[in-house]
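A lone chain, given as C-alpha cells: the form predicted alone.
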C-alpha cells in the first residue's frame, strides 16, 4: 500500500519541529520551563492523533509493510530511503509516545534544566519514530545510531551517574556496536545493493560470509540489552537515574535491539546458527535468574523496576528467537502494555522517592495515607506481575507456552525468574502498605488530581488492551 500523504514522514518530523520550537522558546524565571513543557505535551498529543489515524487507514491484519514512502537520496551510489509500517512497529511507536507522555507529566514540577530535557526528549522521540518506520537498511542504521545522541545527553545531564567511566563505557559499547552494524550493512550493500528490511532475513548467504554477517549483527544488537556481559554498565546507569523521564527513555533503548532482531533475524535457521541460539538461551536465562534474585534482595525500588524490565526484555528476546510469526505478534501486544506499566510505575515510585527526600522519612506506610496513590499504584503492580488486567496476561501466556514447548528446562527457569521479579514488586507494595507511625506522610501528600486522572487513563488503556489489543482500531 503506497502513501501519497507522507504521513509517516510527518510523525517523524513533528517531534523534531517541536524540538526547534522548544529550543527557541524563551522562559522567564517565573514560569521556569512551562513553555517548553506545554510545547512538548502538545507535540506528543498531535503525533498520537496522527498515529491513531495511521491505524485507521492501514490493514492491521496484514503482516507486510504498508504506507510506503520512498525518497531518492543518492544516485551514485544508488541509495533510496524508504519508510513503511506494519502493526507491530506502529504499536511500538504508539507505546513509546504514551510512555514519554507519562514521563513528561512526571517531571512537570521539576524546573531543573527542564527546557534541555524537553529538547532532547523530543529529539529522541523523533529519532526513535524514524527508526521504527525505516524500511531499508540505510535509514534503519541512520536512526538506530541517531537515537544515541539525545540519550547520551539525557544520561549525562539527568542520570545522576556517580562514576563517569560508566557513561564512557556506555558510549564505547554503543560506538563499537555502531561500527559492527555499519560493516555488516556495507557488506550487504556490496553484494545485494540497498535492500528493504523485508528482504534481509532471506539473503542467500553461505559459509563464512553468512556466519560473519549474522555474528556482527548479533553483537551490535545484543550490546544494547542488559544481558551478560553487557548487564553491568546498563544496570549501573539505570538504577542511578532518579529523573522518571530520563529513566523511561533509557529503559526504551533495549527495545530498539528487540526490534532490530525481529527485522534482521534470518527467516530460516541453519544447523550451525541453531547451536548459537542454544547458548544464547542459556546465557539469557542465567542473566534473568541473576538479575531477578538481586532485584529481590535489593531494597532500592529503582533496581527492582530495572530487574523487572530486564527479565521481561530477555523473555521477549528469547521469544523472538523461536522465529514464529504468531509469537512475534503476541510480543508486540504484550510490549504495548508492558511499556505503559513500567512508565507509570516509575513516575509513581519517583514521586514517593522525592517525598521521602523532602521529609527525610521512610516510605513504609506511604500508601496507608494516600488513597489515590494507593489505588493506582496497587493496580499497576498487580497488572505488572501478569494478573488479567492487561494484554500482558494472555500474550505472555502464549509466549511462555511456546518457550516451554521448545525447551522445558529453560522455560521453567524463565517462569521462575518472572515469579521472582513479580514477588519483588509485591514485596515493595506490602512495604508501602504496612502502617508505620514514624512515617511523616499525610493525606495532603497524595498525588495531585492531574496525575491521578493520567493514571486512570493508563489503567483504562490496559483494561481495554486485555479485552482486545487493537480495540481503538475502527475499519473504515
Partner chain sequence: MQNWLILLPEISLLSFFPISFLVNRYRSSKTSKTFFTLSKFSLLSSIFFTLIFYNQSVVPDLLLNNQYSTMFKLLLYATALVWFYLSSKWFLNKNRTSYNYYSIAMLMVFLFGILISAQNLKVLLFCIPLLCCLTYKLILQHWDEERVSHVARNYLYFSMLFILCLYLGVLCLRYYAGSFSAITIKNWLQSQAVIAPEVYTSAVLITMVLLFMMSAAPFHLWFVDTLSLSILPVCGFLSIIPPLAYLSALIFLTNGTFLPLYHNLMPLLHTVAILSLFIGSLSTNEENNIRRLFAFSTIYNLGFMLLGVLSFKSGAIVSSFVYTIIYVMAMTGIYTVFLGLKSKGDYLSDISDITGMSDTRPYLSAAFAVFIISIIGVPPMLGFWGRLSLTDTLVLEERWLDAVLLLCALVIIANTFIQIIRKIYFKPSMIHFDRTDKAIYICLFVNLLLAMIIILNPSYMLKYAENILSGGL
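None of these values were measured; they are calculated from a predicted model. Residue numbers count along the first chain shown, from 1.
What comes next is about the form predicted together with the partner chain, which is not displayed.
J.: Among 55, 105 and 213, does every residue place a heavy atom within 4.5 Å of the partner chain in the predicted bound form?
T.: Contact check failed for every one of 55, 105 and 213.
J.: Since only the chain is shown here, I'm wondering whether residue 305 would be in contact with the partner chain in the predicted bound form (any heavy atom pair within 4.5 Å).
T.: Residue 305 lies outside the contact set for the partner chain.
J.: Given that the partner chain is not shown alongside this chain, does residue 201 nevertheless sit within 4.5 Å of it in the predicted bound form, heavy atom to heavy atom?
T.: The answer is no: residue 201 has no heavy atom within 4.5 Å of the partner chain.
J.: At the 4.5 Å heavy atom threshold, is residue 387 in contact with the partner chain in the predicted bound form?
T.: Outside the cut-off, so no.
J.: Given that the partner chain is not shown alongside this chain, does residue 359 nevertheless sit within 4.5 Å of it in the predicted bound form, heavy atom to heavy atom?
T.: Contact check for residue 359: no, nothing within 4.5 Å of the partner chain in the predicted bound form.
J.: Which one, 341-349, 219-227, 67-75, 85-93, holds residues whose non-hydrogen atoms are within 4.5 Å of the partner chain in the predicted bound form?
T.: Flagged stretch: 67-75.
J.: So which of 320, 205, 153, 195 gets a non-hydrogen atom within 4.5 Å of the partner chain in the predicted bound form?
T.: None of the other options qualify; the answer is 153.
J.: Of 278, 326, 187, 404, which one comes within 4.5 Å of the partner chain in the predicted bound form, counting heavy atoms only?
T.: Selected residue: 187.
J.: Heavy atoms within 4.5 Å of the partner chain in the predicted bound form is the criterion; list the residues of 169-198 that meet it.
T.: Going through 169-198 in order - heavy atoms within 4.5 Å of the partner chain in the predicted bound form - the hits are 171, 172, 175, 176, 179, 182, 183, 186, 187, 189, 190, 191.
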